[in-house]
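Below, in structure tokens: the form predicted on its own, a single chain.
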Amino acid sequence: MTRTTRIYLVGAGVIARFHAQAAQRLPGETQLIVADPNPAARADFAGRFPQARLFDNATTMLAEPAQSGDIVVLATPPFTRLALGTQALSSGRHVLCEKPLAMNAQEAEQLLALAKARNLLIGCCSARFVDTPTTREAKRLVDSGSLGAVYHATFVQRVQRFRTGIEYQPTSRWFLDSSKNGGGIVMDWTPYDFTMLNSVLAPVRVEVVDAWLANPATHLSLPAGTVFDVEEHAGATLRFHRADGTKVNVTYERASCTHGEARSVLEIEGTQGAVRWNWLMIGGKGELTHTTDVDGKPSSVTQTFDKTELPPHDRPLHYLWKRIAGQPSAAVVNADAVFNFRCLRAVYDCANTGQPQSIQREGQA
């Protein structure tokens, strides 16, 4: 019998359209139901997806009886996550949150507790880049022992001008307002970073030893009254504790605005070798370089990957659908999603208090 999946979208904006396209490519039959209070957004969405059922509010949309396998996608700003996530889980449906998972660790824990109580899944779209072919190969090298004892990782992703709400999606000014977004570049991109790093290095505990936040000054012509109080450049010294007792020191940096040079480095080093790779594989292409010692000299082998199984915006919904169906999946849900989110919030806590932070993975003493 063909499985019918009902996808409930809260929000009808740009990111919701990507989720709607992903829903259309799910196996089996799919019903698309959407709620947005903005008439213009609903009208635009209806023009693109005429098969969708439309509501002007989530309460009415979610009032219909839940069915097994229903998924609610929260495609709204972070300050709405707790209320909408609570409403969606309380309706008896699984939830997929756009990244970041919530505004703060307390909200994330509240959502996790409700999901557990209802025997439901709450997933995060931070899984978008966790399972690219290059990252899978990097993880294989780490797990197989090919790198020896892993002791250091470098993650530096710096662009000079690509601030969400300014150069990218300039009409979405809420990205610049900490009361609506919870922060800046760390809330916007670090969810992906920690999700990937935690997947590859599999820590049972993460320490944020030191951290800093900055907002480089540039010429701006923002509308009067625009709030811009978030960081666009951040860094941290991290220590990942693994189940075997080893520790991996991680040098971390993210910038969507810097006066320094643009730079992109992702490398893991071990006693027997190192691996560096393109983890995003934007456009479906990426490289991985494995370096070892051969007769006393560095020897590097580079693999090229030119295909990903799904487009980036399809992955979170497809992963969660598979997880609900009991299939192997790269979905990041429940305690794992909250662990990743608490790691990024610990960067803020460390930077703001000057005190190191420690985050324990659930179930690991």
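It should be emphasised that the depicted structure is a prediction, and the values quoted were computed from it without experimental measurement. The numbering used is simple: start at 1 and walk along the sequence shown.
Below, we turn to the form predicted in complex with a small molecule, even though it does not appear here.
- The closest non-hydrogen atom of residue 277 lies beyond 4.5 Å of the small molecule in the predicted complex.
- Among heavy atoms of residue 50, none comes within 4.5 Å of the small molecule in the predicted complex.
- At a distance threshold of 4.5 angstroms between non-hydrogen atoms, residue 10 is in contact with the small molecule in the predicted complex.
- Using a 4.5 angstroms limit between non-hydrogen atoms, residue 326 is distant from the small molecule in the predicted complex.
- Interface residue among 240, 194, 155, 175, judged by heavy atoms within 4.5 Å of the small molecule in the predicted complex: 175.
- Only one of 168, 212, 228, 151 lies close to the small molecule in the predicted complex, with a heavy atom inside 4.5 Å, and it is 168.
- Although the small molecule is omitted here, in the predicted complex none of 203, 249 and 269 has a heavy atom within 4.5 Å of it.
- Residues with any non-hydrogen atom within 4.5 angstroms of the small molecule in the predicted complex fall in just one of 29-37, 317-325, 300-308, 63-71: 29-37.
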